Structure formats: C-alpha cells, structure tokens
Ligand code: BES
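Shown below, as structure tokens, is a lone chain in the form predicted on its own; questions about how it binds or moves come after it.
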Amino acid sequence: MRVTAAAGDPLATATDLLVLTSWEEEPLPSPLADLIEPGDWSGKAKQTLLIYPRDALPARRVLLIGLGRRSSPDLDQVREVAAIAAQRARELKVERCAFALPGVPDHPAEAVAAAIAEGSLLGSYRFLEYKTDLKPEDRHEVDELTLLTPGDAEEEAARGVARGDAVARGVNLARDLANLPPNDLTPARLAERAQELATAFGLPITVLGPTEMREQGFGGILAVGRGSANEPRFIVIDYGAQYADALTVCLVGKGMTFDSGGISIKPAENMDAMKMDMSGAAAVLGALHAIAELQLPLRVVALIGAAENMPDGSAYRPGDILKTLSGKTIEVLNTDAEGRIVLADALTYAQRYHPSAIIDLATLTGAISVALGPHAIGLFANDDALAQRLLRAGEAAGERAWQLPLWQPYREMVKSDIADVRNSAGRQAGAITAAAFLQSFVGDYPWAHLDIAGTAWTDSKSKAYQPKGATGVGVRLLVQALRDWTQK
C-alpha cells in the first residue's frame, strides 16, 4: 500500500472509502450526523461504524472510528485506529481510501501522520509466502491511502508520512525474516538477505564464512554453529561512514536461525517457535533499512552473528571451554545458553569501530518473559545516559522498555572457577546474569542490551497493528532513539 499526504476537505473528497475519526461524546459534522441514528455512535476508543452515504457525500463509504477521550491522547491509539482502518479497507476490497488527519492534543501533525502511516502499513501486514490455497480475492491489498490534511499542515504531514512509511517497512522486513521457516532461512540465507539490503542502498557489506572466522578467532560463533550442517556466518554492514566523526553506533543482533538447544536439547513442545531466535538480527536489519531510507546523519554499523544450534556428533558440549574473539574464555555449562556466546564475539568485534554506543538486541532469556511478560523489553546498560535515551525512545515509539540492574554481585555470579566466565549462572536472576555475561565483552564503551525474548513473538492479537507471529520489535525503538540523537 502506498501512503501519501495531500491537502483536501474530507467531506468533499470522492474515494472508495473515507476514514473519519471522532473523539468520544463530541459532535460529528452535520452532513455526517444526519446519516446516523441517535445512539448509534459514541466515539469510544476503537468503536467503528460503516456508513453508505449515497448522494449525501462524494465518498462511496465512510468508516467512522472512535479515538476515545480527548483528555488522554495517545499516538499508539492512533496507530491502532489506522490499522483497523487499513484492515477494514482490505475486507471491503477497496482500491483506494482516504484518511482525514485528526488533531491530537500535545502532538504535532508530523507525529500524528507518522503514526497513521505506521499503523496502516503494520496493520496491513500478512505473511502469505507459503499459502498456496488462497483465492486471488483473498490476496487483495489496498493500493493507496491518502492522508487528507488542512492546507497549512500538508508539508508537515508529508514528512510524517515519509517517516512512518520507512519505519513500518523496516518493521515488516524484520517480521518477514523472523517468520521465515528455518529450512529457508539458514545462516547463509540470512547473509544473502543482508546482502540484498546492502545492495539496495549501496552500503558496504562484509560476510565472513567459517574459514575467515577461524583465521580471525571467532571461537564463540564457530563453537555454537559446529553441530549444524548449515555453517555460521558473521555479517557486517556499514552505513554512513562519512558521518563517523559525529556519531557512530554499533547495532548488534543475535542471529540464531534455529535453536534446538544443542546437546542441552529443548523440549519438543514449542520448539518450532525457535525459528524466531534470530529476531535480534531481524530487528537490526529492519532498523538499518529504515535508517538508510530516512538518510539519518550518523554512522551505523550493523553486526550479526548468524548460526544454527544443533546436536550432532561434532556439537559443542557442556563442560567445554571456548576461547572467544576477545581472547577471554567461556566455560560452557548449558549449550542452550548459546546466544550470549555468539554475541560475545560480535560485541568484541564492535569495539574496533570505537563507537559512541553499542546496542545489542537478542531473544536471550526465557527469564525476561517471566519478569516482564509480553509488554516490555528488558533493558540493561552500563551507561545511564544511553539507558535513558532508549527508555524515552521506547515510550515515544510504542515499544516500552524497563531497565533492570547490573550490580557487581550479578557479575560475580557469571565468574567461572576454571575459565574467565561461565555461560549460565542458574535460574536465579537469569535475564540479569545473561546481561552481566555480555557486559564482560563490551570493554569501556557505552553499551545497552535489549532482551526481546518476551516481545519478539506473539500468539495473540493484542494490538490491531500486530498480527500473530513475529512482531519486528526493536525497529521502532532504535529508529526513534537514533533520530532523537541526531536532532540534539
């Protein structure tokens, strides 16, 4: 769907479907109010009413959607309303629709327009690549959504639409990658998808295979991937090298394209969902797509350790000691705590760019799901300014994070008696000790770890713009944080 902004009077616009929003218990414009029976409309949040105005308005259909109370404006609610509208337009098989830009207290037109573009595109998302039994009409998509604005808001709204469009397409790229089955998205294939992205934007990319990784000493990634017929890859994409003097941020993604648990094998139930264990890598690629489209003025280096954790005769074992790229050694106590081992090499590699910040994203621990459920990302950081930047961005983008501590006693818990660190400290404080393990590999650079294990996948439709499956979480937060950073 193509989303654009144009100045125009909604009630004078001819279109297949006109979407109008209304605040709760506030009057509708008279031409519209005359078409509705008293009591049929209140404007409560997400209430909908489809109207066929016939000759009363130029639009063939009008979809009313409630915004709730004006006293509690929320851009995430705007995203949901836009998603509902886009889904209803698809159900009605319309080709084009128009959406009247609402005025939202305390939010400029650009931000509201961005939320509408995001919500429409995120709500329109479907993963149909493997559905062979759908009829052509079941694949119908709306061609165009025009955001109608007052004349003095057109330029501002157009900027918002462009931003929302770029961010949503980044999120949907991340969703696509995490929804792909592991037989089609191997580490090598993930590297190919990264190459496609880099080529599309003319970005330098380096992909290291097993031979190059052995030569350079990637002992963590190589060990984790040793038990699989699908060999690991290490991926580096460099955006904005010309901005290196201003700001360099390394985005590091965990790219486990499938995680069986290895020798410490997982239970069979729900193991199929472990295709999404590369959601951190997907988020990094999705964010990079949006950053490149928006041409943000900073340097972003995307680093992805891609591997498959399988239990064959050559797999790494509990009791093994691994030497990582940093030279530090890891005592392996549980091969299902593999993501942190892969990240150890990637975090070490990031330091060669002398970044202003390192941010990693990973579906790292089940413990974070127990702690925060599906509603918040677990945030850990060695730098409070960076942590606050990400917390603010999460609130603004609708991807909330919650900071957990990284006190010294937690770091003591991951020390090993026979190596430098151990990859598991048991059940207590599992998400925190996993982050403490990662902190051992970031040096003195400002660093933040986003544990997205509880938020990267959903089996229920909790929000209108989020279908079941991969969520693409992290993309909106990262882009918001980096946009804010470049504007100060």
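A residue's number is simply how far along the shown sequence it sits, counting from 1. Not measured: the values here are computed from a predicted model.
One more form of this protein exists, namely the form predicted together with the ligand; it is left out here, but the text below deals with it.
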Would T257 count as a contact of the ligand in the predicted complex, using a 4.5 angstroms cut-off between non-hydrogen atoms?
no
4.5 angstroms heavy atom contact with the ligand in the predicted complex for S424
yes
Report whether the minimum heavy atom distance between A453 and the ligand in the predicted complex is within 4.5 Å.
yes
Taking the ligand as it sits in the predicted complex, is M276 near enough to touch it, meaning that at least one heavy atom pair lies within 4.5 angstroms?
yes
Per contact check vs the ligand in the predicted complex (non-hydrogen atom within 4.5 angstroms), the hit among 96-104, 179-187, 259-267, 401-409 is 259-267
The ligand: the contacting residue among L298, A396, L322, A367 in the predicted complex [heavy atom, 4.5 Å]:
A367
Among E293, E331, D336, D383, which has any heavy atom within 4.5 Å of the ligand in the predicted complex?
D336
